[in-house]
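What follows is one chain in structure tokens, specifically the form predicted alone.
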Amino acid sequence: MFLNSVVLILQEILEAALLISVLLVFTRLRSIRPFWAIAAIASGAIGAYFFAHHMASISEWFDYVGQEVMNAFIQLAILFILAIFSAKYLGNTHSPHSSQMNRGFIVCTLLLVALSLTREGSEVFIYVGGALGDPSHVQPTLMGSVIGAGIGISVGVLIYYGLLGLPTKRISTSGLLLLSLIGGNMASQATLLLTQADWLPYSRILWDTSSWLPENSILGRLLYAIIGYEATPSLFQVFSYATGILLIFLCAQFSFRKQPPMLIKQTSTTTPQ
């Protein structure tokens, strides 16, 4: 029970920590105070509690596939907002910005974090709430949850400072790569859930790596949280994963191309002293 709690909570926290870390880096690049993170985390925690509290009734929606459908909708909403964020705000990160642009940036980041925490946090509330129903599981569950959450948050901090420690020109590129992986992960998970709910047709399995890296292993769960690892992905999952990555990448390229040529020249060269 202790090890299961560590791994499960770590898996859930890692997905949200990765997204929050990258968004905080872009917040830093735009010289915006990260006060939005407090409101986003609070909103996500409240949303996760109510989502978990009403999960029994939500599961009865859409002919008893409500949980799968609602989780898929949340993931698609995150992907959609990520696309907007990439298209509008990943370009001229080092230039002065209007208050309207900064407000739009904050709204996008707040929604992304709140939705991510609602989805991930609801799983944590359901797991911990169920485990605490057995008195013999209270101590190992709480200890494992605290340790798993601590490790996940620590990894998020390392990602944040690791990105900021890169050369300036590579920070945006590395952040874009991570956002693209998150977008692909959201698209792939949504496809799997909608397939399980019979909203999408089943497609053939492209490969099976479960013999050497099972999904339920510690490494498999961590890779699932970071890059959306699946041991037996279907054709639709792989296609949606690639589509999610490509969508974020193309939206970001649109944002970079909107950057004025003079600004590009100023941010890519050093002014002589």
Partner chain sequence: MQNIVNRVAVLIVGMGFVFFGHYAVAGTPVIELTIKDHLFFPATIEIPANTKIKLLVINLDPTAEEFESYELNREKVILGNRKGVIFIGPLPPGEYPFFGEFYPKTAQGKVVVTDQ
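Just so it is clear, the structure is predicted and the values come from calculations on it, not from any experiment. Residue numbers count along the first chain shown, from 1.
Another form exists, predicted together with the partner chain; not displayed. Remarks below refer to it.
*Asks:* Using a 4.5 angstroms cut-off on non-hydrogen atoms, would residue 43 count as touching the partner chain in the predicted complex?
*Replies:* Taking the distances in the predicted complex, the answer for residue 43 is no, it never comes within 4.5 Å of the partner chain.
*Asks:* May I ask you to check whether residue 70 falls inside a 4.5 Å heavy atom distance of the partner chain in the predicted complex?
*Replies:* The answer is no: residue 70 has no heavy atom within 4.5 Å of the partner chain.
*Asks:* Check whether residue 55 has any heavy atom within 4.5 Å of a heavy atom of the partner chain in the predicted complex, and answer yes or no.
*Replies:* Answer yes; at least one heavy atom of residue 55 falls within 4.5 Å of the partner chain in the predicted complex.
*Asks:* According to a 4.5 angstroms non-hydrogen atom cut-off, is residue 130 in contact with the partner chain in the predicted complex?
*Replies:* Yes, contact at 4.5 Å.
*Asks:* Under a 4.5 angstroms heavy atom criterion, identify the one residue in 108, 176, 74, 200 near the partner chain in the predicted complex.
*Replies:* Looking at 108, 176, 74, 200 one by one, just 200 meets the 4.5 Å heavy-atom criterion.
*Asks:* Judged by heavy atoms and a 4.5 Å cut-off, are 24, 88 and 118 together in contact with the partner chain in the predicted complex?
*Replies:* No, the candidate spot makes no contact with the partner chain.
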